[in-house]
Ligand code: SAH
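Here's a solo chain for you in structure tokens, the form predicted on its own.
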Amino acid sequence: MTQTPADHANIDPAEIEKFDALATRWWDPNSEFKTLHDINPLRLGWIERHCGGLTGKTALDVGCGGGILSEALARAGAQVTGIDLAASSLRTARLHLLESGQQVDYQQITVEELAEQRPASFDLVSCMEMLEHVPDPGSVVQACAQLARPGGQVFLSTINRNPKAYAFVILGAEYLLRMLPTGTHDYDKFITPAEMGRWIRQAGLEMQGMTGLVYNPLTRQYRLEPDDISVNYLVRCRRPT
């Protein structure tokens, strides 16, 4: 049974409303979602590289929004399920499939409920740019671990919590450069690598590696930087066999 935002405690209704209000702009590469379009090749390549290719793999994209990463995973050969609770964003994602010709199974459901319904079902689970938008990120990590099959991989990304991250993400990206709408992020919800590591261990996952995602304001380009996780960072984990 599909849930609405009011059905589950691990939801911030204000976050759902925020992304629903922007739903029609998901696939405009010059919109508020420009950053996601810019980093998508990097995060797709990172996932694909560590999976040894995606052809025939079953993939779950948690917090899929309008489907930017979900479609990229499908285009790379994966059989993709995308889940989100923002109904308008999912409508946009489904409509875009008509244009792209890709196949993605989009569902409005919490990751916790899907974990109850389909445990150990996916070769890879991705949860990108979402953990800092929910009240209980540890619950999401736990559910992602349950959804991965034994030997499967879980890919996570979020924002570190420190003065540099506040300066770069909130003051810089939201207020000065206007790369993101003001109010997109709440500094108190940023996640330190130590907190992430604790949730990963509690979920029974093995951490395989961590890398930073760095933005150069002069070239306006992003790159993966293993030695700099001070702001944005990505983590890959494995569910033990």
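Note that the structure is a prediction, hence the values are computed from the model and not measured. Residue numbers here begin at 1 and follow the sequence given.
Just so you know, the form predicted in complex with the named molecule exists too; it's not on screen, but the next bit is about it.
- Although the chain is displayed without it, the named molecule can be placed by superposition from its pose in the predicted bound form; doing so yields no atom within 2.4 Å of a backbone or C-beta atom, and the site is open.
- Stretch 61-69 is the answer when you ask which of 46-54, 175-183, 61-69, 201-209 has residues with heavy atoms within 4.5 Å of the named molecule in the predicted bound form.
- Note on contacts: among 156, 80, 85, 145, the single residue with a heavy atom within 4.5 Å of the named molecule in the predicted bound form is 85.
- Listed residues 76, 134, 170, 114 were compared with the named molecule in the predicted bound form; 134 is the one with a heavy atom within 4.5 Å.
- Using a 4.5 Å cutoff between non-hydrogen atoms, residue 230 does not count as a contact of the named molecule in the predicted bound form.
- Looking at residue 19, you'd find a heavy atom of it within 4.5 angstroms of the named molecule in the predicted bound form.
- Contact check for residue 36: a non-hydrogen atom falls within 4.5 Å of the named molecule in the predicted bound form.
- Among residues of the shown chain, residue 130 is one whose heavy atoms approach the named molecule to within 4.5 Å in the predicted bound form.
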